[in-house]
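Listed next as structure tokens is one chain, alone, in the form predicted on its own.
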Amino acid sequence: MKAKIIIKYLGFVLLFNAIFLFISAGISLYLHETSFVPLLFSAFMCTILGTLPQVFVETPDEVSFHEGLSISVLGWIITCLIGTIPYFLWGGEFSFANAVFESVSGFTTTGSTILNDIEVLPKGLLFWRASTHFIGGAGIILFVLLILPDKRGIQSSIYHSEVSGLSMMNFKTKTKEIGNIIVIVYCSLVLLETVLLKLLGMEWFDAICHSFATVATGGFSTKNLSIAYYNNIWIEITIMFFMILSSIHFGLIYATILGKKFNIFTSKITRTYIIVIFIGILLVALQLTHEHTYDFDNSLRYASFQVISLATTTGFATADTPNWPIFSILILIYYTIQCGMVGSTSGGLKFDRVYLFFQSLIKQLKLAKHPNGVYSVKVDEITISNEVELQTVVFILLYILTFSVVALLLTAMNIDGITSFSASIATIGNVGPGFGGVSSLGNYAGLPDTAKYLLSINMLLGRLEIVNVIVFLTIITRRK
């Protein structure tokens, strides 16, 4: 593994971040805001650090898988650290721990925040905050791949280290074309939602920021009350639609637009995913009505938004959920674990893995009944190998083990059980809000700095999918 190759491509990552920092600085300059200098300094720092490797390091002819994995993991870490700088330099509520937490939360599209007063932030800094969602949603590594020449599979090595194998099942094309498809769908959804939100009454700035957050399934809002601020049913319906769409495999969305046979409507796993969400909405709405929390209309309205928001890992809110019945809270916690589909911007365990787990369980039950039988697991007519089945089970166990250990460590910091448990699940799943002290209209400001650092690591583990981090650590450890 050659360090120069890794440094070369990390430079591209920094330069891409610099573009959005300069745009944010431009907004601050135009509006004569106090965030101009912090943003401009960060932009120049990014540009200088990103340019040096391009000048002094030659472009490699090929990149190995280990180098690609290192570029992916280190790219995310460096991006999150760079994103900390403008927050910390601006000050306000941004201590160093808070700045790190907010930056990691933005880039991993978690959407958890430490801010008690979001609306006090200058618009330039708010745009940078929203941009971290936009960059992290499709993945900064993916954006960088689009400008790289594909010499001897360079793109493929980096891309396959960034994207899980399950998400590749619905893509039957080259890496460059896959990247183009994802970015075209991603940017088209952002543009369409921005226009619709503007037509429904949002200001252009708020419409852009909320579209960045919705399509990235992030959840950062420009308002303290999140989407509840607008109290507009049509804005809520529009955002719900785009949250669901953004949590579905982008390859299927692209295929649907082109009118291909295999699309969102013909995909069994996608139909199952939608049905499971609607079952959750119905159960929560009925419970809220039964407990007289709201009347049926408002129960359905709030249940729909909160279930979809958490199931897609977006994290927007129209209601504060701590006072909801425990039955409803447990259902919402399940959705923060399950999350959206592979191949989307959604984080978490992924519905595909949950679906595959139960299909594998059915297969094992059949084998127990008929030991000599020959059975296979299929997902949308694609036969799943025993190796992928095993990888899925291992990933699920690692995922549960990780959020359990993090929750245990949080309780050791004198944080109550429901806050610790839900914060751990919400951050590893890149969902955002939890319950207890970190509820949907609350924040993570009250947690100790050690907890914020721990949850920042948890967010990165969720975004990088745990196994990649473990493999990366074994690579660098072995080299030593």
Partner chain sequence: MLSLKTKITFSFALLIFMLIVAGLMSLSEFKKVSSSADQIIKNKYASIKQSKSILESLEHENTGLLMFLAGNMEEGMKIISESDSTIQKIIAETTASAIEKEGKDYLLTIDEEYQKFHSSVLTACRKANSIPLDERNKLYLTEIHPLFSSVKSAVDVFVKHNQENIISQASFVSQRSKRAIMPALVSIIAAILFSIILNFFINEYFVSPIKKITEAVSSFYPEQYNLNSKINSKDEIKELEKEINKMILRLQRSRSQNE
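Residue numbers count along the first chain shown, from 1. Predicted model only: the values in this text are computed from it and were never measured.
Separately, the form predicted in complex with its partner chain exists; it is not shown, and the next lines address it.
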Within 4.5 Å of its partner chain in the model of the complex, counting heavy atoms only, one of 41-49, 436-444, 450-458, 416-424 shows up; tell me which.
41-49
If you check 410, 319, 85, 356 against its partner chain in the model of the complex, which one has a heavy atom within 4.5 Å?
85
If the cut-off is 4.5 angstroms on heavy atoms, which of these, 324, 273, 302, 94, is the one near its partner chain in the model of the complex?
94
Might residue 68 be said to contact its partner chain in the model of the complex, defining contact as any heavy atom within 4.5 Å?
no
Residue 476 versus its partner chain, in the model of the complex: is there a non-hydrogen atom within 4.5 Å?
no
Report whether the minimum heavy atom distance between residue 29 and its partner chain in the model of the complex is within 4.5 Å.
no
So in the model of the complex, does residue 379 come within 4.5 Å of its partner chain, heavy atom to heavy atom?
no
Looking at its partner chain in the model of the complex, do all three of 4, 7 and 56 come within 4.5 Å of it through at least one heavy atom?
yes
